[in-house]
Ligand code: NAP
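To begin, one chain is listed below as structure tokens, in the form predicted alone.
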């Protein structure tokens, strides 16, 4: 009998959890804990870290996990690296369910930054009105460029307000659409969107809105990750479970 651990927090992880529940699979969905009130899921949930690669390996052994699925955010580089290491330590088959990266289309005005620090440095200059579409994890780092007005949108209300001296915070949970994001950008006079290349359709509305409005986007590149088997469709994970994983591929 399979015992599946999904490292989640994404819409793809939730979609996979539903498919596994429908098939009667034994599965657990693990959240890192950055969202205070995760949506209910059709499989058991756990919240919190594991204590690095060794801690995750110990969990896999203790819970007799047979298959590990990394469906974390494309920028969760530490967790993804730990998953690769833990899978190797325990010989538990691993697959990553991730989103294809976004690619610029006709009409887009993108520039890229390799990481958060480079994005902060790129904001040096006169005051601008910036939609900071990064979530709450990195928001306070942009206090290094205090001249700007930052518009932020969080899933949950923060326990303490952001330290940015000039900001407007919207608390809202998607899905969002391009028309709504256009109105949001126009209402706040936004002249630059800053975001990570998270990929997927769920967070693409702001990019479509920026394209329609002719606004520039500063896009943070994805981090480098260890080599691993990757798929972009929950159905492909089911096929892997039924065939490839059982043969040790």
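Numbering follows the first chain given and starts at 1. Since the structure is predicted, the reported quantities are computational estimates derived from the model, not experimental observations.
From this point on, the text means the form predicted in complex with the ligand, which you will not see here.
Among the candidate residues 180, 216, 42, 51, which is the single one with a non-hydrogen atom no more than 4.5 Å from the ligand in the predicted bound form?
-> That would be 51.
Residue contact check: residue 145 to the ligand in the predicted bound form, 4.5 Å heavy atom | Taking the distances in the predicted bound form, the answer for residue 145 is no, it never comes within 4.5 Å of the ligand.
Going by a heavy atom distance of 4.5 Å, is residue 9 a contact of the ligand in the predicted bound form?
-> So residue 9 counts as contacting the ligand.
4.5 Å heavy atom contact, residue 72 to the ligand in the predicted bound form | Yes, residue 72 sits close enough to the ligand in the predicted bound form that at least one of its heavy atoms falls within 4.5 Å.
May I ask you to state whether residue 77 is within 4.5 Å of the ligand in the predicted bound form, using heavy atom distances?
-> Although the ligand is absent here, residue 77 would touch it in the predicted bound form, with heavy atoms inside 4.5 Å.
Counting only non-hydrogen atoms, choose the one of 118-126, 104-112, 77-85, 160-168 that falls within 4.5 Å of the ligand in the predicted bound form.
-> Answer to the contact question: 77-85.
Stretch 181-200 - residues with a heavy atom within 4.5 Å of the ligand in the predicted bound form | Counting only heavy atoms within 4.5 Å of the ligand in the predicted bound form, the single contacting residue of 181-200 is 196.
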